[in-house]
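Coming up is one lone chain in structure tokens, specifically the form predicted alone.
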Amino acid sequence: MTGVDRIVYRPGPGELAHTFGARLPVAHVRCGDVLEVFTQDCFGGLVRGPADLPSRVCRMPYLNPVSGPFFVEDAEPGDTLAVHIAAITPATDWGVSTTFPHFGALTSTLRTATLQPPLPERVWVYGIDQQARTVRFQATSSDHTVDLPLEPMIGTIGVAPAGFEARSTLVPDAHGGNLDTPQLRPGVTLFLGVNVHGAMLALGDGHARQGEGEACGAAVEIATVTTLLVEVVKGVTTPWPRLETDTSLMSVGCARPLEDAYRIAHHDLVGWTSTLTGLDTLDAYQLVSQAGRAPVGNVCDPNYTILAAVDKALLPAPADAYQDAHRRLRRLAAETR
């Protein structure tokens, strides 16, 4: 299409980032451009088999690398960046998951310190069959195998935080970051508040699939080739990340404890649906209470992530969110394949 460029980015040695903020851009993109990005897994590609225990082959804080940041033309503080995920393709035919010392929902952690030793460290290797759209679990202490659906997602995506901060890519917060929600899949549009000139979008930490909560602290971690389209919605603020699909609206909350993340997400969704529909705030609260869903992102990162979701069909003639950016970007993604 006229005026639409395809920008292909593959980070070279030493070019992966480990913070949102405090980084120079690797490329400039315009609204409507197609951005095709190679992303590395959360271990930086260093965990490839059972002998590659993360505590031996990885080094803190160099975990969870992202590709970018990308400077988005015309994005200014007070705007919203709409990011449409058009495709996520595993870059290899394998993925890995692990248990990791003092990390995960069912072990002693640095924040919840107890005297028992950490869980044993172990690596699981998953075969990925892209044609069959499956991910194969293989038990390490028996011959049990089972094929799970291949449902690729991006675990970490965000913009530079406000207040001149640089935040670790391990942290989810109002700027996005390590959200770890399976809802960040192809076909969704993510809305992020812009905090700095150019927004400074970055992404990584691909998953072949992830259970809600990411209980052990690792999904089926993969490198990806991820295709995005972006648009700047001028003069519209977004306090917390929001998602839109063809059928649903979702708000994201990140905090500890988990009930605070729940409150953030539901407070935002109630206000958003009230604004879009004209419903009284308490009516919107009641409707979300009875018809909403609360998919859990993660319960193991420095902040926990939970979403509040509601089906558009249940809302009274909602106005188009963000000037119909989701529909426009989805159509453009189909036209530029």
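Note that the structure is a prediction, hence the values are computed from the model and not measured. The first residue of the shown sequence is 1; numbering continues from there.
Absent from the display: the form predicted together with another copy of the chain. The rest refers to it.
Novice: Answer with one of L53, C31, V296, L46: the residue that has a non-hydrogen atom within 4.5 Å of another copy of the chain in the predicted complex.
Specialist: By the 4.5 Å heavy-atom cutoff, the listed residue in contact is V296.
Novice: Looking at T245, S108, T89, Q183 here, can you tell me which has any non-hydrogen atom within 4.5 angstroms of another copy of the chain in the predicted complex?
Specialist: Partner contact (heavy atom, 4.5 Å) among the options: S108.
Novice: Hey, of 197-205, 254-262, 184-192, 222-230, which bit sits against another copy of the chain in the predicted complex at 4.5 Å between non-hydrogen atoms?
Specialist: Looking at the partner contacts, the answer comes out as 254-262.
Novice: Is there a heavy atom of F70 no more than 4.5 Å from a heavy atom of another copy of the chain in the predicted complex?
Specialist: No, F70 stays farther than 4.5 Å from another copy of the chain in the predicted complex.
Novice: Is Y285 close to another copy of the chain in the predicted complex, meaning a heavy atom pair under 4.5 Å apart or at it?
Specialist: Heavy-atom contact with another copy of the chain at 4.5 Å: present for Y285.
Novice: Does the 4.5 Å heavy atom contact test between L314 and another copy of the chain in the predicted complex come out positive?
Specialist: Taking the distances in the predicted complex, the answer for L314 is yes, it comes within 4.5 Å of another copy of the chain.
Novice: Taking another copy of the chain as it sits in the predicted complex, is Q323 in contact with it (heavy atom to heavy atom, 4.5 Å or less)?
Specialist: No - in the predicted complex, heavy atoms of Q323 and another copy of the chain never come within 4.5 Å of each other.
Novice: Residues L119, E165 and N303 are flagged as a possible site; in the predicted complex, is every one of them within 4.5 Å of another copy of the chain by some non-hydrogen atom?
Specialist: Result yes, every residue of the spot touches another copy of the chain.
Novice: Quick one: name the residues from 58-79 with any non-hydrogen atom within 4.5 angstroms of another copy of the chain in the predicted complex.
Specialist: Those in contact are P61, Y62.
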